[in-house]
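Only one chain is given next, in structure tokens, and it is the form predicted on its own.
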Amino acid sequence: MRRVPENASLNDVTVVLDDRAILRGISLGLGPGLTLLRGPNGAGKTTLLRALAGLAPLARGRRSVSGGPPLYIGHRPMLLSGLTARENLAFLAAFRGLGAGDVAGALRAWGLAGEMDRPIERLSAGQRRRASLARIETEQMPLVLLDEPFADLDSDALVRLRAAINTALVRGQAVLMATHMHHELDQDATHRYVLDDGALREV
């Protein structure tokens, strides 16, 4: 695993999409540990994660992330059609310059032992979600960004996700999760924020 960054941050960041300010003057610093981000639909949670991932243009301010591009897992699985789950995870790890590691073991742990060699488009929504989240094991980047990761998961996968997050925290990674609910995670969080109408506050 690559060295954990001392910090990742957004400094006085404004993001404008379709002539509307989605984020306004946001400043956020992240270190190792779990940070939770909540807020109503349309508040800008996804945009904030995408700004940290370098996927949303900044109209103003500065983004700083150490240790290489973050692992961003959004609402969509973001896997390549035509490839199997195993091929996807191996390719994405190699694209980062990481070794393939135990891709098969990660997929087995996520309940995909019998599906890892099927094309992604032939998997169910829940199976694609599991395959996407298995990247937490195979791409152990210093900063992990999770956007509503509990969506489309059954009870077994929920348990697996919590275990994967706990393991990432033990490894010293920084995890920023946008979620509406799952208040049971609050006890493990280093920081909790609410984003509303483009403005961020810590709670």
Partner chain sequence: MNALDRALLVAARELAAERRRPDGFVAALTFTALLVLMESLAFGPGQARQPGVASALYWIAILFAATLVATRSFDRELEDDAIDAVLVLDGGREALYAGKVIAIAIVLAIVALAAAVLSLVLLDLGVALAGHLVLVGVLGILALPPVIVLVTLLALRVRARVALVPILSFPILMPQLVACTQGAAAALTGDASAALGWAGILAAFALVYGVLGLTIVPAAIE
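Keep in mind that this is a model prediction, so the values were computed, not measured. Residue numbers count along the first chain shown, from 1.
The same protein has a further form, the form predicted together with the partner chain, not shown here; the description that follows concerns it.
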property: Sole residue of Gly172, Gly54, Gly42, Gly29 within 4.5 Å of the partner chain in the predicted bound form, by heavy atom; result: Gly54
property: Contact stretch among 54-62, 31-39, 172-180, 159-167 - heavy atom within 4.5 Å of the partner chain in the predicted bound form; result: 54-62
property: Exercise: Pro70 in contact with the partner chain in the predicted bound form, heavy atom 4.5 Å; result: yes
property: 4.5 Å heavy atom contact, Asp102 to the partner chain in the predicted bound form; result: no
property: Exercise: Glu115 in contact with the partner chain in the predicted bound form, heavy atom 4.5 Å; result: no
property: Contact label in the predicted bound form: Arg130 to the partner chain, heavy atom within 4.5 Å; result: no
property: Stretch 102-125: residues contacting the partner chain in the predicted bound form, 4.5 Å heavy atom cut-off; result: Pro119, Glu121
